[in-house]
Structures are given as structure tokens and as C-alpha cells.
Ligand SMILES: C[S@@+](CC[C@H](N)C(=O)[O-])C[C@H]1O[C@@H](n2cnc3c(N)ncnc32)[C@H](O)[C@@H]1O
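Before any questions on binding or motion, here is one chain by itself as C-alpha cells, the form predicted alone.
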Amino acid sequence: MTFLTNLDDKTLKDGAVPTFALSQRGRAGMQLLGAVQKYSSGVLRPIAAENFAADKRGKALSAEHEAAAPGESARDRINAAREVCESDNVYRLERFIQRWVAEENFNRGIPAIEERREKFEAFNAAQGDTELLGTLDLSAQVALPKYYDRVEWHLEPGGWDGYDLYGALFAYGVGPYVFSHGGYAAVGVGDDITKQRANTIRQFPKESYGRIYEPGCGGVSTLKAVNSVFPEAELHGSDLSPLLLKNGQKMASRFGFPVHLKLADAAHDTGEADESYDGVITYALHHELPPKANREMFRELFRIMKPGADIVISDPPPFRAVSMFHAVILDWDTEHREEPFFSAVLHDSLDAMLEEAGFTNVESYAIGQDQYPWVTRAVKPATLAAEAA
């Protein structure tokens, strides 16, 4: 569930990007945040990791974490490792900067967008409904799940729908000046999240797909990546945020590809027909749902997928797949970046959830640094009867 964050793309239609930019003051504020975050994750964090590795208790916890049958639970190991980390001033400074940047993205970013509000509103209004491609269905009466309501994801004031120009904030502020450096949450230092999305889509095993569905599609960043790899595919998506869906259709139209978007709670009812999709993609979604909702969503996705269809998932790596120090870094997001289910999902197993829902050929692996993106993919059996035999 994300906004588009990279508009430096040659596939954008002519005139699809504003000719104006943030003010010098606005740009400078965001550039400062990007530079500080890059220093924090690229310089301070490696020093903190070395300090942890040199600590006697840190060394013992790392050995236990990597053992085939650890004595302590993963939760207990992470708690103990966090105590070691927090005794190190470098670690504490690095975490302080991460939190400060995460808050300042909005404290500085929203005023920077407000300086240009009139221009952004005029630019959006100039794109008439007749220019929009695909469809947008917001007619369903969807009750927000309790786990979703009132959460200010990633410290966004008011949540996904809390500010009408969040699309502009991410596309023209946070995306190009802060996120472009990587080094936040599970994203490695220097990593380009746009390229990561395209690399994830290439994990689909077939050469072409007819219809592909994405639950929690947000601002269609991932569906855009799908379109770049499978331009022949018909793209469908759903989300709980009307604002994200509206922005998503506009942005897809500016890139020149149609999407069919629908307001829906995909963990409960997608509103899609049985066995109607050849592929499903999810990106950075499951750590934002409690494990129970994830299990329900996989059962619903299994229902709408055709026999033999593929599902590809990218989410932060499970704690079992990363170093002891990196597990502490990821666990930190739960309490400090408004990610209430981050740790619960990373302790659980998406592989097991998929198998419980009926999927087969489940496998998971990393395709980037620090085990991110972490890809999990599986297949709906071609014939359920044959699979049972």
C-alpha cells in the first residue's frame, strides 16, 4: 500500500509531470532529510553492527540465532540483543536519526507541498475524467477492519487518507529526496525501490499472463512494474483507501496503461469471481496486516485464482532469515515507525500460511542486500483432485 515515488521515468506521457517544483526552501528541507538518513544507515549503522559483533553477549546471541535448534525463542533473543544494542551510543544515535527523519518527512514535507497547493490542485484538475484509463469502482460499502482503522502507518498524520495531497508529497518530496537513498525500514542503503519492484515481478515463472490482481495496490507503484514486465496483462487491484485508488488511476493514466481498481477489503471479500486470475502479486503488504487477516486473505486469493495460477509476494524477510543485529533493526519498526504488526508477521511464516490455504510449490528467497526484497512464491494446484491423489 504505497504512493508512487519516482517520476523520473521515460514512459510517462508528455505533459504528465508538472513543470513547477517545490520551492528552494521546500527542496532543501527534504534534501537535508535524505542526506542525514543516508549518513545514518550508511555510516553509523555499520559501526553499530561491528560493535554488536564485538560484544561478548552479542556474539553469543548471534551464534544461538544461527544455530539449527536455538535454545531461546526468537522473541527472547531479539529482546536480549536489543539490550546489547541499546548499550551502544552509536546504535542509539542511528535509531534516533531514523525516527527523526520518519517524522520530519511529514513535518517538513506537508508545508513544502502546501506552498504549492494551488498549483498541484490546478494540475490535478486539468486531467479530466475523459483522459482516465481503466475503471475505478468506489461503490462498495466497505467497513474498515479494526486493525486498519486509526493507525497512522509509517507515522503519516491521519493515516493513508489523512492528507489530500499525500500523492504529491511522496511523488515530489519524500520519494525523490529521501526514499531514493534507501536505508530505511527493510530497504538497504542505496537501493532503488522502483528497480526492486521490477525485479520482484520478474520472479513470476511464466513468460506471459492474461489477468493479474494486486490486493492493497495503493497508488499502483507495483502494478506499474507489472505493466513494464508483462505489458499484455490486464491489471486489477484493490485497496481500503479511496484516496490511494483515485491517485492510482490518475497516475496509471499518466503513464499510459489502464488499471481496473476497486474499493475492497481483500482479506474479507475481493468482490472478484471464482478462478478468474492467472497471477497475483502482493508488495510490502503482509507486514501491515495481523497474521489472522493474512491467513484470511490467502484463502480469498486462492479462491479467485485459476488452477495453475501463480502468486508472487515481496515483504520484509522473516527474522529467521537475517542476522541477529538486523533482526533488532527490523523489530524496531514495530514500535517506532507505526507498524503494529511488523514483528508478529516476521515471527510467523508466510510459507506456512500459503500451504494452509492450499497452495503448493511454496518457496522463499532473497533477491537483494540484507535479504530484501524477500520473495515468496507459490502455485495454485492445476487440479485439486490430482494434487490430492
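Quick note: we count residues from 1 along the sequence shown, nothing fancier. Since the structure is predicted, the reported quantities are computational estimates derived from the model, not experimental observations.
From this point on, the text means the form predicted in complex with the ligand, which you will not see here.
Q | Open or blocked, once the ligand is placed by superposing site C-alphas in the model of the complex (3+ ligand atoms within 2.4 Å of backbone or C-beta means blocked) | A | Transferred pose: blocked.
Q | Distance check, E272 to the ligand in the model of the complex, heavy atom within 4.5 Å | A | No, no contact at 4.5 Å.
Q.
So in the model of the complex, is the ligand close enough to H236 to count as touching (4.5 Å, heavy atoms)?
A. It does not: once the ligand is placed as it appears in the model of the complex, H236 has no heavy atom within 4.5 Å of it.
Q | M297, heavy atom within 4.5 angstroms of the ligand in the model of the complex | A | Contact check for M297: yes, within 4.5 Å of the ligand in the model of the complex.
Q. Quick one: does Y283 come within 4.5 Å of the ligand in the model of the complex, counting heavy atoms only?
A. Although the ligand is absent here, Y283 would touch it in the model of the complex, with heavy atoms inside 4.5 Å.
Q: Name the stretch, out of 203 to 211, 217 to 225, 81 to 89, 175 to 183, where some heavy atom lies within 4.5 Å of the ligand in the model of the complex.
A: Of the options given, it is 217 to 225.
Q: Select from the listed residues F257, F302, Y147, F123 the one whose heavy atoms reach within 4.5 Å of the ligand in the model of the complex.
A: Answer to the contact question: Y147.
Q | Answer option from L240, V187, M251, I113, heavy atom within 4.5 Å of the ligand in the model of the complex | A | Contact with the ligand in the model of the complex is made by L240 alone.
Q.
Just to make sure I understand: among 263 to 297, which residues lie within 4.5 Å of the ligand in the model of the complex, judging by heavy atoms?
A. Heavy-atom contacts within 4.5 Å come from A264, D265, A266, A267, Y283, A284, L285, E288, L289, M297.
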